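One protein chain, two forms: both are listed below as structure tokens, the first as structure 1 and the second as structure 2.
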Structure 1
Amino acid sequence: MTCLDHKHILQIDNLSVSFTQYERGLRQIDLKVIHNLNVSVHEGELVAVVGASGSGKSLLAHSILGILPPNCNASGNIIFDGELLDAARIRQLRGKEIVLVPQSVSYLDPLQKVGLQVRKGRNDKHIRRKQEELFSLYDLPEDTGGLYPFELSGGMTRRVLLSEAMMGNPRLIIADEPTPGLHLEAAQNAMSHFRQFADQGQGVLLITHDIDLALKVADRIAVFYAGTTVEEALVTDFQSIDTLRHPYTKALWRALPQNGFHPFPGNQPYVKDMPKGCPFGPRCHQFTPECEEDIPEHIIRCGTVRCIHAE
């Protein structure tokens, strides 16, 4: 993104992720679920990653944190504060300078009280006070810290996970679908705190299916489709369909309730049935034979896009 002069906190360049699987006995195959994916977060910025289920959003978060399963192979560059990361360095940063608000509510240790987990085992007065303030901020009852995870509702668990992320002094928060199960006020409260965190000069990568919510808090939107980034746009570009670049992004815009709630025919391709070239090609009214070639990413009006017909 050449129109932003803030320092990068996070740069993902040409990330590809594949799973090694076996089918029909001992026949080994590699399923590439993410390919040539680019996304970045600058200082003071909240970037929302949006896209359909199965587009690679959560897998991106797991790649950054180095928590991919053993049968997974990743390539590409992950750069954090100007440093090219390897597996050892990612382990050092994880949970300290880079923290995750996970999608699953099963991340908490079932055998430990949640207050102690949020404090990471620390019991000094300052840490306990901060934990209590965060629990109060997210409308958790006073006795929540003394409960075990099985005693929490799903919404309470999500608020505990939000509190855990806010306890330390991270440089980057990766929030993977942090609001399901929260009522509207609690979800908006969580988003406002992510916004405040970014405004202090840090960074937030928000992974969400809720485009409306993302548009209220984000600086930029990264649109995923079938395992790659098809567009990165300033949030102000979503004020009009004419300032968006990729046909899929425009289809998402038309599907928003305030823009007519127009459904778009077809489905995202399964990883085993990916078309040649542009993954959106079979659903695109602008499709031409050239779209079956490799589609490079290029910059248009302070945004990036993978489409040879974008203007």
Structure 2
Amino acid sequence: MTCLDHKHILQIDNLSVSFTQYERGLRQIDLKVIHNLNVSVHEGELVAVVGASGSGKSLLAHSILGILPPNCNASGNIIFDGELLDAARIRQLRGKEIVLVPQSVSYLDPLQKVGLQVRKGRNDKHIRRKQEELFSLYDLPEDTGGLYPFELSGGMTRRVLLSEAMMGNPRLIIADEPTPGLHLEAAQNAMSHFRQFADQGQGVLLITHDIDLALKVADRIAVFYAGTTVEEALVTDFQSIDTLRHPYTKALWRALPQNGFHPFPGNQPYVKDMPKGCPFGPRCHQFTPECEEDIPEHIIRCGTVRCIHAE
């Protein structure tokens, strides 16, 4: 997909997720919240997924781990270490090869001590030791393992979730907004751990809405808009607006403080009134009638883009 010659750890092709919903209890409608989404992670790579709230970032993570809500349909190819995964294989891999750092602190069982949760209910000596090591790595007080989630601060909970991911020997870490609630130092600490992990030849998929953060640690950035990837670019492409490919990415770039802080008015379309063709069409200054047709993915300068006007 890109010109990188590294081996793929994760490759997602044509992922679609849709919900069956009832409009005011009467009509059944199909809400396509993710459509034709592609993204990939190579060996030794930290890929950041950025996108506005509601663009489908968490659902992407949940699809890879097979924990989508039961009232939705999902299809697509998930290829992990060269192997096409199905639901059963995902169940075998998750928690071992692929681990998740979940988005919200509600992902901890309120009635179980956090130490036990991090250890997945196991109490062997060496697992206990590993957990304690990780807790101290993340600056958590020694007795944290014996506390219940309600007794932790938001930042502590984040760090517990981070240590959880490091418990095993995963091949791929999917971190869904792991930094909110962490003070700067702890956030940087977490990011450097991810970086080290990737540098050992593994992969990290970092989901965030913080482009600045992504630019600091990631190798590549996948930009989400309304349920699809509009562009996958190298971090270095962000040094200048000219090396970026998609008008939405360019708009994001201009909104960055160091690039003049030009806010981009408007919002991504709500899933129910998705425009035809390119979802960005209605907000795009390059919009032409052809944009209302199906937009294929192009490869330009080692990055992918879904825009017929990209060059």
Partner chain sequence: MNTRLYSKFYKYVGQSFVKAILLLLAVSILSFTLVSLSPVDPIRSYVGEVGMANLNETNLAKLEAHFGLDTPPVERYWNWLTDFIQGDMGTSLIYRQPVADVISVKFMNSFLLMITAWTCSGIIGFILGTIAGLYRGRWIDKLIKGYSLLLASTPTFWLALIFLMVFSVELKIFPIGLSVPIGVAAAEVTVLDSLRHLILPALTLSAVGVANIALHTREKMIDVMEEDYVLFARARGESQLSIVKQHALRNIALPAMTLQFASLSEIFGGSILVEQVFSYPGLGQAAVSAGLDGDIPLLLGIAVISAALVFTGNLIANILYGVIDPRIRRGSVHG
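Keep in mind that this is a model prediction, so the values were computed, not measured. Take the two forms, superpose them, and find the largest set of C-alpha atoms that agree within 1.5 Å; that set is the rigid core. For numbering, take structure 1's sequence and count from 1.
Colleague: If I had to pick the form predicted together with its partner chain out of these two, would it be 1 or 2?
Modeller: Comparing the pair, one sees that structure 2 is the form predicted together with its partner chain and the remaining one is not.
Colleague: Against the rigid core, is the Cα displacement of residue 119 between structures 1 and 2 at least 2 Å?
Modeller: Moves: yes, 2 Å or greater.
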